[in-house]
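Quick heads-up: it's one chain on its own, the form predicted alone, in C-alpha cells.
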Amino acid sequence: MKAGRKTASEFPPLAGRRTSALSLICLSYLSLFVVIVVTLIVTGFRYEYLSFETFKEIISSPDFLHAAQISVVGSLITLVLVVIFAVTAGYALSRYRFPGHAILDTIADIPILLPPVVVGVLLLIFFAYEPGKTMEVEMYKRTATHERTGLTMHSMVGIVLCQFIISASYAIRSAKAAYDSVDRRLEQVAMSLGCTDLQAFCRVTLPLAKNGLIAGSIMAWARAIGVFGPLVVFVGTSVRVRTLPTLIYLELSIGKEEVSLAVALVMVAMASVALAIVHWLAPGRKWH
C-alpha cells in the first residue's frame, strides 16, 4: 500500500440518493424489525399482572437479589478471564502466521456456533470421566471449607466455566477485528525507534485498538450473564447457584409469569445499557 493512501475504514460510507426504490425497501424491513422488537418490550411493560408496585416488590425480594448477585459476580469473574484471553489470543490470530493458523482460528469460533446446551453436555461428560473427574476431586480435597464456600464445579466455578466457554469466542473475534484495524506499519515504526515488540504492543497497538477491545468485552459480558442452557445441564438450578436466567425459567415453570417477566425486563435493561456503551465505543462511530 502506497504511503499516504487511506484505508477503507477511513472513508465515510457513501450516502447515495436520499430516496430510491432500494432505500425504501431496506428502510422498510429495518423499520419492521425495530417495530417487532419494540412491540415485544412494550408488551412486557404493559402486562396487566405486573404493576409498578409488584415490580419493585419482586426486584427487592431475597430470591431476585441472590440470583442477581450470583449472576453479576460470576459474569465479572468471567469478564476478567475473557479480557485476558481476548487481548492475547486475538493478537496472536491477527498478527502472527504459523502452521495450523486457520485450524486454530476455526476452533476458536466453534463455541459461537454450538448450541449452548451442547456446551453443558460436553462439560458434564468431561468432568464425569478422566481427566476432568480428577480435577474436580483435587479441587474438593484442597478446599477444607467445601460446604461453606461451595468451590466445586457445581457452584460458582461451574457457572464461570460455562459463561467463559460461551462468551470468550465473541471477545476473541472482536479483539482480532480491532487489531486488524490497526495499521501494522505503526508498530514497525515504533520498533525502528527502539521499542521492543511488547513495548510497541502496549504503547501503540493496544491504545489504538482499545475501543474495539472494550466493546467486544462488553458484548462478551452481556453474553455471559445471559447464559442458561449450559448452567441447567452442568451446574443445575439449586438455590445456591441460581442465576437470573435460571430464575426466569424456574418461576415460569411454577406459573409465576409476573416474576419471570420482571426479571426478564431487568435483563433487557442491562442488555440495552451494554449495547449503548458498545455503539458509543465502536471504532469510527459518529453520532449525528
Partner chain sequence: MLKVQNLGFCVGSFELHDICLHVKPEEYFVLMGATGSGKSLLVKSICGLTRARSGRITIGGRDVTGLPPRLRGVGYVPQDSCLMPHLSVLRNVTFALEVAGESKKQAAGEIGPIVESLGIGGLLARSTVNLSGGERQKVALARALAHKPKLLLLDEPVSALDEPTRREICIVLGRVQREFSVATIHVCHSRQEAAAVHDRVGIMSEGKLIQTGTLDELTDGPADDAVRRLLCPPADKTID
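Here the structure is a predicted model, which is why all the values come from computation and not from measurement. Residue numbers count along the first chain shown, from 1.
Beyond the structure shown, there is the form predicted together with its partner chain, which is absent from this document and is the topic of what follows.
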With the partner omitted here, the residue among L124, M191, V118, V73 that in the model of the complex has a heavy atom within 4.5 Å of its partner chain is M191
Heavy atom within 4.5 Å of its partner chain in the model of the complex, from candidates L114, L104, A92, L208, belongs to L208
Partner contact check in the model of the complex: of 177-185, 164-172, 95-103, 75-83, the stretch with a heavy atom within 4.5 Å of its partner chain is 177-185
Open item on the list: Given that its partner chain is not shown alongside this chain, does Q199 nevertheless sit within 4.5 Å of it in the model of the complex, heavy atom to heavy atom?
Closed with: yes
| task | Check whether C195 has any heavy atom within 4.5 Å of a heavy atom of its partner chain in the model of the complex, and answer yes or no. | result | yes
### Task
Although its partner chain is absent from this view, report whether V204 comes within 4.5 Å of it in the model of the complex, heavy atoms only.
yes
